[in-house]
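Okay, here we've got a single chain as structure tokens, the form predicted alone, with questions on binding and movement later.
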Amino acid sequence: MGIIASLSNFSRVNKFYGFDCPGCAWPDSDSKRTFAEFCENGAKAIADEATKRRAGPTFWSKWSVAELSKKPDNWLNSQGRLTHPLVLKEGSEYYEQLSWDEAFNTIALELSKLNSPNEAIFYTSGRTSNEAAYLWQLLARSFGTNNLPDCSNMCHESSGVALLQSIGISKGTVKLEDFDKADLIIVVGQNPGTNHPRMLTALRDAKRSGASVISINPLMETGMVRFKHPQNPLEVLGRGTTISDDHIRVRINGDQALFRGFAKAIISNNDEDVDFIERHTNGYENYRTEVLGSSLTEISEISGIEQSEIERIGGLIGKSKSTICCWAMGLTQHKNSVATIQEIANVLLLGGHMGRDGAGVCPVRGHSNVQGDRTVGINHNPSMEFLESLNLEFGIEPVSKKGLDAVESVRVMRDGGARVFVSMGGNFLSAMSDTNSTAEGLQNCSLTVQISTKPNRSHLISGKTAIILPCLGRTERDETGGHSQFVTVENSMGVVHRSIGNRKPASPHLLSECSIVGGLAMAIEDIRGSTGIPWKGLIGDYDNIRESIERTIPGFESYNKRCRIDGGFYLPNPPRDNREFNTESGMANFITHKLQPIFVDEDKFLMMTIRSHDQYNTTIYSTNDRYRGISGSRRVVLMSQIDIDSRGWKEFQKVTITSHFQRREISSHAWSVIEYDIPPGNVATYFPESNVLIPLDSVADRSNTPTSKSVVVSIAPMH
């Protein structure tokens, strides 16, 4: 970025009058901000967006799509910011510059040719602001479809489905301040050091306040061992803070069984909060019967944890007065993810850890506004109440047919049932499971459109015609409508606050996401006729968007006033605020499931995908993974020394990985074996490189999330 730009950007990130870090959704303090309110990965995300390099029309005229397709992801990303709208015409090998009007008219014309609105898909990524996301869903529904897949479908959809049934809200129930009030924090299926580094500060402070921390993960992650705050010289020079008091090296997909074991210990020891259970819950007796009938021997076998250890940790949880349980995609991407998360909710309900200081559920989102996008309407299966509120506000007739989620979108595109795919942000090709099926689906489209800031793989595997629309980044000034605008976002703990970009845009030809949505909507109406939606007024002053959000979505009362308050405001959270549960029973529900283990033959492994430390979602900064001691390559498979030795293999040996699901096999070649501390029978590979191995039809029950954390594979040496 350069020295001056670096000082300017980093002095404003996560400040009350600055911009929200695009790195993750971890919350900031409600009342105070430090001088450097960001982590290493946030700094990388900001610098990546604010790079001085440009991928303008000259770049695209130099490189053909075929040539670019052979380049690695980190090379594509390093080429810099997009500067102009671009089109890849049918039959051409090169992207060409075009005007904004030409781009909007081309897209609108193609959409107008569809036989049904449901042949269009409107995808969005979690870094989109509340305002842009609200306009995006308004565009899709005014067009006549609920086809609004988003990145939630690939990650925390399981959390939302599970919690909504269990406690009546699809979000977490804790505030940042609760970490200082907890006496026990369980971090399961999550690697904060890489994916949410600022969370380590909260865990460090919790430890200093007397909390115990238990880490549950197949891998021992460095950040959960010892933490030195990088902005505190005394910590950097000293030993830092030990984070985990216990590390439970559970087998992949053994979490449901492990928490069932904890529940068995709590109930057997009579450590339940009887008053809470009687006053606030439903379904306890059925759950208790199922738990006491569960075999601890079976639980131990499935989880890979000794019975005595399960009973010991279960005893600690039972004695805790205030427990927080945090998780991320290590829990949400299995076939039994919904059941696993509901098992965790059951364990917390046993101890009354809802609506109590220092206690509750804490699903930690990765994208910086993925939770906000869902709150303001990015949902392929919206409630009728929300659709009716849009009808009242804008005169849009409710579209009752359920839309397509991410997996269903690929299926429908692949089978020829959708012809136009429009993406606001993200890198759908790389993010989705079953890369080859996803590519086939995109290539079947007549038109694919990507609203992006930098080159990525989704620009290269496209429909017959492809358009790239370059947008402003989070750090940049937005002067849409001739005056300074700001947007709002929602963090993992339900706080809505403003984000104000301050940097000069990378190109004078960039538009804000709100302006792009409005421009596209007006081009569509020029062909199909007016809907009566005041698009010009909405994008001319984002306060108008927020007023519409306020009138159509509960919890946003006095939106424009409250979002201007330093730190923003909390959205209503009945379980947290009042111990009220908006479920069918009117109470928190114990949801009873049978254990659903995945047993793998001796000649196969259970594979999970992971991220490196030098990566943000699908954006690869380098081929290094400093915290795991791996450098120079990402096509590696982490395997226990026991498994390597038992097969007579050697470290760094080249292998082929083949996934097995139902009758389908998918093979990927040229992976290197790396010895790592991981349970025998389990292996790990990097996302998104190994997405090709995750079958499209292998999904979580009820949430339809790809099972990226439990893929049955065989591994064979290459000859």
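Quantities reported herein were computed from a predicted structural model and do not represent experimental measurements. All residue numbers refer to positions in the sequence shown, first residue = 1.
This protein has a second form, the form predicted in complex with a small molecule, left out of what is shown; the following refers to that one.
For a residue to qualify, one of its non-hydrogen atoms must sit within 4.5 Å of the small molecule in the predicted complex; all three of G189, H334 and H367 qualify.
Stretch-level contact analysis of 412 to 420, 590 to 598, 152 to 160, 380 to 388 against the small molecule in the predicted complex, using heavy atoms and a 4.5 Å limit, identifies 152 to 160. Contact annotation for C24: at least one heavy atom lies within 4.5 Å of the small molecule in the predicted complex.
Under a 4.5 angstroms non-hydrogen atom cutoff, the small molecule in the predicted complex lacks T51 among its neighbouring residues. Put simply, S659 is far from the small molecule in the predicted complex: not one heavy atom of it is within 4.5 Å. At a distance threshold of 4.5 angstroms between non-hydrogen atoms, D478 is out of contact with the small molecule in the predicted complex. A heavy atom within 4.5 Å of the small molecule in the predicted complex is found for exactly one of N427, S166, Q137, T438: N427. For the options T623, T453, S515, S322, the residue carrying a heavy atom within 4.5 angstroms of the small molecule in the predicted complex is T453.
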